[in-house]
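Read the single chain below, which is given as structure tokens and is the form predicted on its own.
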Amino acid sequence: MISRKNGLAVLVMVFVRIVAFSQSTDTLAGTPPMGWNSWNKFGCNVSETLIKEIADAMVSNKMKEVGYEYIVIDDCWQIGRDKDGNIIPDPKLFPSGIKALGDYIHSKGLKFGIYSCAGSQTCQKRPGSKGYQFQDARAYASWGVDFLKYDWCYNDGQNAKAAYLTMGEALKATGRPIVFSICEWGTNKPWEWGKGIGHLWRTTEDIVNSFDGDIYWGGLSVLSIIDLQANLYKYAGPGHWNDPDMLEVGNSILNYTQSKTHFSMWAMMAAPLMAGNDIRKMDKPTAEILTNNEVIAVDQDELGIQGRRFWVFGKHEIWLKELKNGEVAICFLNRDANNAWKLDYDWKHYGLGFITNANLDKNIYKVRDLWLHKDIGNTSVNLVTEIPPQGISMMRLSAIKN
């Protein structure tokens, strides 16, 4: 029999552990998560061999060095449940088991992510987690999972907030810090209720490999997604991010200019940077885009502020993002598919809008081009450049010390 004194000690110990775990989960995703997800390139063609090779590549091609860390297996890794309801990985595709695969990823200094769905089935009609949330969460934790992408197919009319809260609580109950990605497609405005439940939430339906124009039901282009996420900036911050979906950089359809724009705008929006290409076989231009550490630094800025549109001139836009130490990222976006933007920007005339800490009347700012990787002048003179069709010019402004 437990004495009253010992019982109180146990309760105190449990309370301390709960508080400590709550504090540890609160610090997850302090900056937008960075990694790789299998879906955009491979769909259901996942395997133990592929995922190990991707982990190897992330280390060897310098992606790990610049901040990518999560290797996430999307749908189709699971085939059923056993008599006790335990989820069963496909033994043909993952012969060593999921835990062994997670151990391999961890041995590379990376983190391991997996996929499930709030519905009775996943989007590819594999077993979903509805009714098995706590059981599945315990399995994921025992496998060493660090990230869960949780989809919304076959949801059977559930209340979205309640469904995601259930899995969020299941993950917390495991005692393992697991980043929780709410993949609800923005249907029920998760930005209004997702903070404290998940660490990131999809703001739109799925991205497709297109720069402009929507291709099929449920598929949105890069520019369409930017427009839908643009006004959600107030909901983003450390530990709770708006997620415009994974990157299509390196998947052939987007040209080099469009890919730079895609990557730059995701960074301006403080978006999770989840590569979706075959990183084992990247050409040099693709690798240079995905590993541009100066653009990544804008995305990963500690303030966690999502960039905003400052000005719209027809098909020309200016975006601003406040950074730590009084610095500012500015992006000139040319949405015109046919004509270059011959920019002649008078810094003092147009200013920096809503960035309250920036004063162009009192301070001169150094202007650094984040794609040329060099300082190109300062704000005492006009910025004169030509931006190609569907291209960008992305700068970082730093006050010059007198």
Ligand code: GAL
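One rule holds for the numbers: they count along the sequence shown, beginning at 1. None of the values given here were measured: they were computed from a predicted structure.
Separately, the form predicted together with the named molecule exists; it is not shown, and the next lines address it.
Taking the partner from the other structure, the named molecule in the model of the complex has a heavy atom within 4.5 Å of a heavy atom of residue 151.
Within 4.5 Å of any heavy atom of the named molecule in the model of the complex lies no heavy atom of residue 132. Contact annotation: residue 247 falls outside 4.5 Å of the named molecule in the model of the complex, judged by heavy atom distances. Residue contact check for residue 147: none of its heavy atoms lie within 4.5 Å of the named molecule in the model of the complex. Stretch-level contact check against the named molecule in the model of the complex with heavy atoms at 4.5 Å: of 280-288, 187-195, 228-236, 120-128, the positive one is 120-128.
Although the partner is absent from the chain shown here, 39, 202 and 206 each have a heavy atom within 4.5 Å of the named molecule in the model of the complex.
This chain is drawn without the named molecule; in the model of the complex, the residue among 112, 164, 115, 266 with a heavy atom within 4.5 Å of it is 115. Among the residues 329, 71, 274, 183, the one placing a heavy atom within 4.5 Å of the named molecule in the model of the complex is 183.
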